[in-house]
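Just the one chain here, the form predicted alone, laid out as structure tokens.
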């Protein structure tokens, strides 16, 4: 090998062992042994000028960096080696090395700070990965399978962590709750809010009216969330016997109701203050009766605010997309809608995308 570090020290390409036969610990002894090795390698190169000797120097440099030997020490080795090998060098040359060593002290400090930042970044990346994994556990593995309904869901974060939250809640066997929330914020703070919403919902006694659920969640958010963060939400309860969808909203993007018989699209009425703004809020409740084949589309505002050719997609263009895929099963329809949005936005969606489809089976 041109150069290697091992129990027998450092070896040049021709197999000549350089001084140093024990593992080195940075200190006076290590400096002395490493200096001898460096001086010998430098002398060999100045005499023979071989490529393998240059490669050996590269390997030695890599090893010194791995051992976190400061760059000013490397320059000092070179200066001292030249003094020993070329004692007749002009004094100005020797002084120039003193100047370079001082320069390298600042460079070495900056390098160590950079390494510390890299290490901290790795720690943060690991923590974020853990948070992403925990966030995924807050979301359902898949939409519920019910004989009365065809349900499709897709939720894709714009970045690694999502500010969108959705859930399905079994109220009493005869009805199912559907929640969709958009946390105005990103990253770990949004994930913490998501977990709070999830566990607050888990503590609610079901069945409850959608308006009452939002009222209680508002109280929790108002007490625990920083005023700079806002949470929108729509919560609906689908009666599996009467096929009526009752819902209430807290500042959330209105959903869309599609009548199968005449292909009529209707914006769902939603009025209500976002969660957490004030303590006492009453949320109005609305109801939709679904005939066989009728469809409800709930979504986060990242869908309608997707940038297409420099403009928001908007509700009307979204309705055109939905109309194109009404023949598909709900899950395929949700996935196809998202894929088309992603392509239309030139694969650069700036906000989280969540779409929930609820169709009464025919």
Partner chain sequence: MNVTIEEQIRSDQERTLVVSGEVDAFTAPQLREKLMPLCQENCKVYLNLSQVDYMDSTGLGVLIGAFKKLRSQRGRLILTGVSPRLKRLLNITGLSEILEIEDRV
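Keep in mind that what you see is a predicted model, and the values were worked out from it rather than measured. Positions refer to the first chain, counted from 1.
Separately, the form predicted in complex with the partner chain exists; it is not shown, and the next lines address it.
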| query | finding |
| --- | --- |
| Interface residue in the model of the complex among 104, 256, 184, 139, criterion: non-hydrogen atom within 4.5 angstroms of the partner chain | 184 |
| Partner-contacting position among 166, 230, 77, 245 - heavy atom within 4.5 Å of the partner chain in the model of the complex | 230 |
| Residue 312 within 4.5 Å of the partner chain in the model of the complex, heavy atoms | yes |
| 4.5 Å heavy atom contact, residue 305 and the partner chain in the model of the complex | yes |
| Close approach of residue 220 to the partner chain in the model of the complex, 4.5 Å, heavy atom | no |
| Distance check, residue 157 to the partner chain in the model of the complex, heavy atom within 4.5 Å | no |
| Proximity to the partner chain in the model of the complex (heavy atom, within 4.5 Å), stretch among 140-148, 189-197, 266-274, 85-93 | 266-274 |
